[in-house]
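Encoded as structure tokens, the following chain is the form predicted on its own, with no partner shown.
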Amino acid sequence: MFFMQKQIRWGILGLGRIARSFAEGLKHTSNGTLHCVGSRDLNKAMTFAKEWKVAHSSGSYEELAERQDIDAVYVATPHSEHARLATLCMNHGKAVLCEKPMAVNALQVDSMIRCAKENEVLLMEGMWTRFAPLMVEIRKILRSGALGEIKTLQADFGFRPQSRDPNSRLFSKTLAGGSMLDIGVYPISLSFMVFGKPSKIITDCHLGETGVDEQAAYVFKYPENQMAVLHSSLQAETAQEAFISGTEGTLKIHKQCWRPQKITVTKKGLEPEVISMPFEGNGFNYEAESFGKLFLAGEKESPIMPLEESLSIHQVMDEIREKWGMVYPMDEE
């Protein structure tokens, strides 16, 4: 029974960089332990398990999904595989925390949501930024009206990767590469948190040699004439900051805005107030802890990262790619 269980036995599918971040985050939770890791390469899984002192390892995704001693799975593969693997796990009764973006397109997300409901399991997009203590504080500030009516948001995320391998997850069309799905989703998700779904989208991008967006700009307009000006890039490092402006003040999320630990709030007629909330852990612990609480309470959806919002975000990203004329192979499946 949910109310009798104290600890969640986690599995991780896909053992790259992001899986290591999640494994580290789990060390700083009160309700989760890493019980099994899975890869298509058994040697890789065994090496990862040994390094992180994990009891079990699986040489296939299917084997991990079928295990009876796993409660929840963190899907950490390239996002081209998110929908398939999340569905695999949910069909075996597992709760799923799926690394952002939740999938490649809205059709996949909608299918994942229906699968979660059919199997009566918890599903959540792993937008870990939403769960940081300082982001919780930001939402309180916005709800309080301290900044007046919120009118604009500016946010960016750009970096230049050391490797520009055309077959890597960042640049391969087969792996649904590009700046928007990998990092642009952070400012886009932030705009949803602040304003909701836009009523009008203006956008353009630069498509690289592999046919994916290497940098892009997005302007969102909202029914009350608010605007969000957003940018993502795999060609250069950007400020990685965010600015929220209202009629009575401003809020700056300092670098790096996607892992928020410091803000400056400036209200009319008052000195700027700096608020710092360093992570306890690496930041991934907050979403894992929140997910764990939901699971142990028998909940099937997160109020902080609702499924309908994840779907809306992907609908907007689909519309953006349609404006660019950029199609992934899985869009046509």
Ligand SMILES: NC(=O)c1ccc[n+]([C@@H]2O[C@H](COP(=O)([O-])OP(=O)(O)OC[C@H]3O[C@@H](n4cnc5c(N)ncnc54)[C@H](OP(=O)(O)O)[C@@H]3O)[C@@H](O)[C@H]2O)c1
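All values derive from a computational prediction rather than experimental measurement. Residue numbers run from 1 along the displayed sequence.
A second form of this protein, the form predicted in complex with this ligand, is not displayed here; the remarks below concern that form.
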Under a 4.5 Å heavy atom criterion, is residue 15 part of the interface with this ligand in the predicted bound form?
yes
Given that this ligand is not shown alongside this chain, does residue 285 nevertheless sit within 4.5 Å of it in the predicted bound form, heavy atom to heavy atom?
no
Is residue 130 close enough to this ligand in the predicted bound form to count, meaning some heavy atom within 4.5 Å?
no
Even though this ligand is not shown here, does residue 101 get within 4.5 Å of it in the predicted bound form, heavy atoms only?
yes
Residues in which of 196-204, 237-245, 169-177, 105-113 have heavy atoms within 4.5 Å of this ligand in the predicted bound form?
169-177
Find the only residue in 216, 263, 122, 76 having a heavy atom within 4.5 Å of this ligand in the predicted bound form.
76
Let me know the one among 268, 293, 40, 50 whose heavy atoms come within 4.5 Å of this ligand in the predicted bound form, would you?
40
